[in-house]
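This document opens with one chain alone, in structure tokens, the form predicted alone.
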Amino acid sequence: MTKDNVQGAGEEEQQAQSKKALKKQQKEAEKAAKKAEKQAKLAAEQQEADEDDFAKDRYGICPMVQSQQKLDRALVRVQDLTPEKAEQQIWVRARIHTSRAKGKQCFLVLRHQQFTVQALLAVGDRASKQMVKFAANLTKESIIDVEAVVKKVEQKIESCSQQDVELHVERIFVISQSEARLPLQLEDAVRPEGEGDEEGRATVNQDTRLDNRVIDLRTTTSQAIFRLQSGVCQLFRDTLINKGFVEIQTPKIISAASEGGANVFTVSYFKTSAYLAQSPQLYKQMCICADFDKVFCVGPVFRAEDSNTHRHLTEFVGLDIEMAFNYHYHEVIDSITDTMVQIFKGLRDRFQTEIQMVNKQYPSEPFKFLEPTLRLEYKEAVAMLKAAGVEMGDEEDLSTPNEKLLGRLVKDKYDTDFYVLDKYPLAVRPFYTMPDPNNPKYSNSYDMFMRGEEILSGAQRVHDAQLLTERAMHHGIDLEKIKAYIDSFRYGAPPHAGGGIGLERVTMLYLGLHNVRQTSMFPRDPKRLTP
């Protein structure tokens, strides 16, 4: 190809490109003109609508609340909307749970925490067509203030918690708008699992829930679970304070592994290393040696166990108890079991609403317990399991399936979901456990169970420095690392016992749930470190 031909081809290509560019520009100009025309038309329609809209001051999007003013306005909680408030004009702040436009009406379900109420807007002398349209287009989960008249309803509104009243809305203002696309739908998140499968409707899997925990925690089920969990803590505290216990706070960054094992998180600590506490064990016992007599603490516990089970977390809330006793460690068992019974009674009497809400999504049998609490010896438990066909040694630790089977056997025989297993084999317990004086193969240690799963592990502690040293050596523990612990018992130590309870497990098992992540607000396990 000659030089002229090459040049000619290049020019043709340039011309073709410039034609393309010109066409593109023309298209874009046409598009922009159409857009401008559409916007102008919409603006004109809006202006016309505004001129005709007699209710335009009764609805809208509020400026962001930056504490600009103090309004002398009382807001009524959704849960307080009862027939006693009929015909009253009130203000309510809530989220839009669902909305449905129907002709000249718009039905909203408003939600605050675990309570819901139906609200109605209808075109009339208090609401314009534009106002109803505005309400119908609001996004789910937006937070709104409404002024409304409370009206009694003839037929119960089954889909709401407030079944005997509805709100007739006269003003509606958006306080905080939600994005239109939600990561999960709340109605899917509360649907019983079987029901969703049968009807071909969506349910939400656990990872989606946990990845979007802020939305998941808004569901009526989650609200009920964590309000009941708060009740467990309050009842635990109140019961023990009434028994003369002192609440203590213990360090979570420690110099040696609390349980002596390898399941410990190491953290850098200036020029050295430290560990996250696996238990407040040492500090509870030091407080007993310091004459506090009865102590408890509520705080995080860390376990570096690579366990991806339904009941293990790497960080959980420990409810820990330690107590000096006079002559027998059963004094402590009695005190702990009575505390648990008071918690169970308090939950049963004060949290029926929450229990029923959780039961709607996760049905379970009511939790049963005895007074006084059933206490079995380990040997009896092994005999029950052997009679049921389980092959195991007398001094073998209980496996998880055997724990569950034992729970079912105990329920069948004694009709209780809560019991104590006493006198564990010494070989399966930590070095600081007091041996049984009558049989050196066993120990003064115990576990407590709910619905066949362990919720507390405890024991009489060795309170003699010499015996403690011998036991540590027997377990092959480096004495230098636990020197401070052993030294605590050199200056006179009262006999004492205690135990540690997992808050999330207690909540899970009381409600008959099947995964501890449902009862941990922001769970931590080997695969999850966020949110």
Partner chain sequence: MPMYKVKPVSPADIKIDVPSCMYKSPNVHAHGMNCGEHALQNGEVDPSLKALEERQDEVLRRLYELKATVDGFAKTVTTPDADLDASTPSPGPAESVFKGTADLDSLLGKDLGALRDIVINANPARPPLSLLVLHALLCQRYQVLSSVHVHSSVSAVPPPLLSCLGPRHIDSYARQRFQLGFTLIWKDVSELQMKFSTQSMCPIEGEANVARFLFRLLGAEPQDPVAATQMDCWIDKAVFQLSEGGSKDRAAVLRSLNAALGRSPWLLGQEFSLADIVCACFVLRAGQTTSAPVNVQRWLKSCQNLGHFDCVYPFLQ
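Residue numbers count along the first chain shown, from 1. Bear in mind that the values here come from a model prediction, so they are computed numbers and not experimental data.
The next section is about a form of this same protein that is not shown, the form predicted together with its partner chain.
Although the partner is absent here, E371 is a contact residue: one of its heavy atoms lies within 4.5 angstroms of its partner chain in the model of the complex. In the model of the complex, D238 stays away from its partner chain, with no heavy atom inside 4.5 Å. Among heavy atoms of F367, some come within 4.5 Å of its partner chain in the model of the complex. Contact check for A256: no non-hydrogen atom falls within 4.5 Å of its partner chain in the model of the complex. Contact check for H330, R375 and L409: all three have a heavy atom within 4.5 Å of its partner chain in the model of the complex. Note on the partner interface in the model of the complex: the residue among V428, A383, L217, L182 having a heavy atom within 4.5 angstroms of its partner chain is A383. Residue-level contacts in the model of the complex: of K404, R201, R348, K129, one residue has a heavy atom within 4.5 Å of its partner chain, and it is R348. Heavy atoms within 4.5 Å of its partner chain in the model of the complex map, among the stretches 291 to 299, 375 to 383, 238 to 246, 148 to 156, onto 375 to 383 alone. Contacts of stretch 155 to 169 with its partner chain in the model of the complex, defined by any heavy atom lying within 4.5 Å, are made by none of its residues.
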